[in-house]
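Read on for two forms of one protein chain; each stands alone as structure tokens, with the labels structure 1 and structure 2.
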Structure 1
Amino acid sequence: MAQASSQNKQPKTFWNEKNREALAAYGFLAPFVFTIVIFFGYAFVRTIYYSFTDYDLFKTPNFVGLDNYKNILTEQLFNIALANTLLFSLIVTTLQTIGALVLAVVLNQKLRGMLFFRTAYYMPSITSSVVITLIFIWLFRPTGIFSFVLNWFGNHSSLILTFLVVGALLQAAQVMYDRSKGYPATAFDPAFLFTSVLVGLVITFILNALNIVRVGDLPAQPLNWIATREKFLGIIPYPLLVIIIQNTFTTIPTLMLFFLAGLQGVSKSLYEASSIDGATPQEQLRYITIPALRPVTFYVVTVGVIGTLQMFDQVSIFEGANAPLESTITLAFYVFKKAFDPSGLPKIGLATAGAIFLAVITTVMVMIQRRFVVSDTGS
């Protein structure tokens, strides 16, 4: 930058306006370039280099060709990490995109007090991954609140079922009656739903008081979702499932804001025109809202894929809570684990090979979804 100003007085032939602007631009960019060249460019090149060596931080690296890549592909831990990563990425990206869209549509209404709800919903996104993960680990402990809630639902399932059946019957009766009089009542008519729920609750309460429907007395079944190797439905290890729930929970609010911004850009006249044509809200969502949000959806999915593929924090924190490594390990954590192998010397070669793999997967996934997933929906 100092250069730029002292050279200001040089002959104008070279020092024309275009070059001057370019030089100023380089000056402006210098610190940024310094950061990304050293901490990204150089680092990336070195990662590639190390992935072909047997470096362990102590000896001078020897070139070993593709050995590291061959080794990780046959290593069980790496394959588990790869499977976990893809599983995690797929599930969380899907859940958070849908959840964020739904929430944005709900919040995009002209009702009083909406600001409060937006603030409340954004809360999970602002706390650090450590704080929220520690709280989730605590919630999902064998004697945690989640275990308690699940047990409560188990014991009250008969009551809940009674309430649902009674409520549904009441609702059906009211809707039928109204339709017979010629009103356009829908199955989930909001006004009737109110009475159905209220009366349903009262009836359930009475049935319970009369001891016709009883609360179960299943003993507390401590849930073991953290320090376990078991898998949900035989596919998702339970600790990973907790991370999935936690991650979806914390990312939805941010992504919701993108959708909200997008929704506010959708022209009101489109909705008005379609209303006059007799479109239902569901039809409006399907034919107006979702297509209009396509660019935002693309962005949200991209951010989601990139974010989920590099999931690291939670795995590291779960490790401290005694979750088995195989049940949570992701590629990002595999790289870290191999580089700081506690049971021996650092395996930089394997770690960097894993890292390159991770970089390639990320790039490929982003490209794939850019090509197919989002651009084709709704067209």
Structure 2
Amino acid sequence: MAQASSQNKQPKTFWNEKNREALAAYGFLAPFVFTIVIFFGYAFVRTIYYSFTDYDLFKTPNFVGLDNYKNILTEQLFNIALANTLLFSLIVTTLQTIGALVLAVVLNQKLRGMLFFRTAYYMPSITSSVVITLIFIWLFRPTGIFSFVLNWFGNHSSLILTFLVVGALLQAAQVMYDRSKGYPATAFDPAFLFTSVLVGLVITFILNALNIVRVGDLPAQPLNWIATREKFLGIIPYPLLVIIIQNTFTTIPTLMLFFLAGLQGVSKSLYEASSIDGATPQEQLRYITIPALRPVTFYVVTVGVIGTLQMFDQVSIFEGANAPLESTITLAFYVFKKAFDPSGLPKIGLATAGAIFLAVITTVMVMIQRRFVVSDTGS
């Protein structure tokens, strides 16, 4: 009996089923691994090597130790690029994450024609970034549409303020009166809101007709948003602010898709149970939607941080539109300028040192946000 069972056992060989499956998997991975090793691993090692040398692509690299890192840390242009990069990354990542989440929640509603709106909102993401940048440069030129809109609001600010104050007072009066009667009126009750808007418009029109509230007659003043070194609130250079607006506008739709996909996996029973318990839409968003989307939020923030730290193309185009270099330069563009210096020989040592510095900053920022945003694995 024991002899028969031993004969049924097959000898262990290397070409068993488990090893054949593993070998097949490695075979499929081989092209990708080869690409990573040659075009990324080898390039990264060479970048580290060149960062310790004085090299201009023509002469033999001369080892200089940490001189390149010392030089860029004391260079004014590098410090400006570092400040612009961190400022840009912080603002854009925050705005695009919040905007994408809000847009996904809105587009997740089951309403007629929602597919059209989903498609329309996604259009900016598939348009060429060069084309979008040129459009924004045209919008923000001194006599562009944005300057015209600001001038129009400046002249009509008294009318707008009158309408808002009258409408707010009417809305508050209606809500307070309804609540005094014991009815559960909300601050933005649609019926009251319609009445407040309509009466507010009529009162504003009458005050304007009686010349009590007048439209201003300030002449159109060209606003320079591109070719300027001035800063918004003394912090953000105006050209960089335009790039922030453009980048946020074009990246929100893509990140919205990730949140929208994540919302499909949130159980509807959670919202139904919370509605029965009297939870408001704001409370559902805070206590159900946002916690359920933590893995997606981790991915969105990671992609946003990496993308904003490596922003390059918009800065290059804005430089061609006469924007001052120090008003738009980022670390990625700093590396490009040093590697392809139009005023002399390439400074590959400084460029690679800047690239290593950018890689370290990217890694640190991703690790920091990983610490505060719970990922899928709970790490």
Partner chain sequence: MQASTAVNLKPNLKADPNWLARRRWARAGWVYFMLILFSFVFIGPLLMGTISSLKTNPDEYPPRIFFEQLRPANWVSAFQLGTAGGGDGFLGGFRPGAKINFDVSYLVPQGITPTAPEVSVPKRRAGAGAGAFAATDYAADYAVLEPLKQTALVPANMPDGKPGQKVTYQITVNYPQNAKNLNDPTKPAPIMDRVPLDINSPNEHVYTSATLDPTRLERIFAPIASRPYPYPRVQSYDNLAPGVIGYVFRNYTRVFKETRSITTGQSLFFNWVINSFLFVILRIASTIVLASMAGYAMARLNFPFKNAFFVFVIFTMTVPGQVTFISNYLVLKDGIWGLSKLWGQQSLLNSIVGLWLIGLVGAGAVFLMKQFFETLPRELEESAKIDGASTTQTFWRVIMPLAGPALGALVITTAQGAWNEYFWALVVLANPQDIYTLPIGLNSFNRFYGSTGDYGLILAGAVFSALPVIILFIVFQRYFVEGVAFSGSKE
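Please read all numbers here as calculations on a predicted model, not as lab measurements. Structure 1 provides the reference sequence; residues are numbered from 1 along it. We call the rigid core whatever largest set of C-alpha positions still superposes within 1.5 Å between the two forms.
The first of the two structures is the form predicted in complex with its partner chain. In a rigid-core overlay of the protein, Leu23 has its C-alpha displaced by at least 2 Å between the two structures. Relative to the superposed rigid core, Val37 undergoes a CA displacement of at least 2 Å between the two structures. Core-superposed comparison between the two structures: the C-alpha position of Met176 differs by no less than 2 Å.
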